[in-house]
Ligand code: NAD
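Coming up is one lone chain in structure tokens, specifically the form predicted on its own.
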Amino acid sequence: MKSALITGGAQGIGKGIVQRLRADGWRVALFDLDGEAVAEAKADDPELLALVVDVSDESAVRTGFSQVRDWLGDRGLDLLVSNAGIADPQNGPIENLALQDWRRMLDSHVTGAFLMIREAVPLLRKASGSILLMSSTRALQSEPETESYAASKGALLALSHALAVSLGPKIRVNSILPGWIETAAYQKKGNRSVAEHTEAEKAQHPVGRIGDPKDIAGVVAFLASDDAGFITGQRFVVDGGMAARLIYTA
């Protein structure tokens, strides 16, 4: 049975990935900063290893991995999905952006990915596993006043191809760039809702709808499979075709 570790796995896109892998028969561990969401994930699926871990904290990551190694026993890790990070892309005018807020954004995405990968590599080598970094279409295109988020997602994109070269052939590394993915139904119970979108919002996407975490989870399942054994160092845009569409405002 294959094993995976998903960061930010108790809510949002990460939760969708956890659910898909569990449905496919994987053993799954998750790290998440939200203790309430972690407790709910564990209650919903007692077979999960669900831990409260701040991935930007070196000591917390090391402590979390000590439990992961116990959970794995003699086996290696087949998949690491580095998905955790601050979700709100807005940082306000760049001239007003505090250094601590800039660092907090990059730490949550980039430093967190680095700390996770550093600990995971020996386990991944043991299983000839793979790494998926959750970047964003915002690594390629932007709205105003999203510099810190765009920089963090762009860094993950670059990190993925650098790691693919460094860690091959034992470990494959790819990145996924989600577009507009609606996660309202994938939040902890207190924050869960049913999102409503206008026809105009849906029509921005050539596929005619907003994305769902299941759309990302399907790509994760493929890239983690043996069918993707010849794919590394690549980026996969999953945005319903939105980035391919040229839009002029009147």
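All figures in this text were calculated on a predicted structure; none of them were measured in a lab. Numbers for residues come from their place in the sequence shown, where the first is 1.
Another form exists, predicted in complex with nicotinamide-adenine-dinucleotide (NAD); not displayed. Remarks below refer to it.
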| query | finding |
| --- | --- |
| Contact assignment for nicotinamide-adenine-dinucleotide (NAD) in the predicted complex, among L33, V28, A224, A41, heavy atom within 4.5 Å | L33 |
| In the predicted complex, W180 touching nicotinamide-adenine-dinucleotide (NAD) (heavy atom, 4.5 Å) | yes |
| Residue contact check: T232 to nicotinamide-adenine-dinucleotide (NAD) in the predicted complex, 4.5 Å heavy atom | no |
| Interface membership of S175, nicotinamide-adenine-dinucleotide (NAD) in the predicted complex, 4.5 Å heavy atom rule | no |
| Heavy atom of S160 within 4.5 Å of nicotinamide-adenine-dinucleotide (NAD) in the predicted complex | no |
| Contact stretch among 91-99, 76-84, 121-129, 160-168 - heavy atom within 4.5 Å of nicotinamide-adenine-dinucleotide (NAD) in the predicted complex | 76-84 |
| In the predicted complex: members of 40-57 within 4.5 Å of nicotinamide-adenine-dinucleotide (NAD), any heavy atom | V53, D54, V55, S56 |
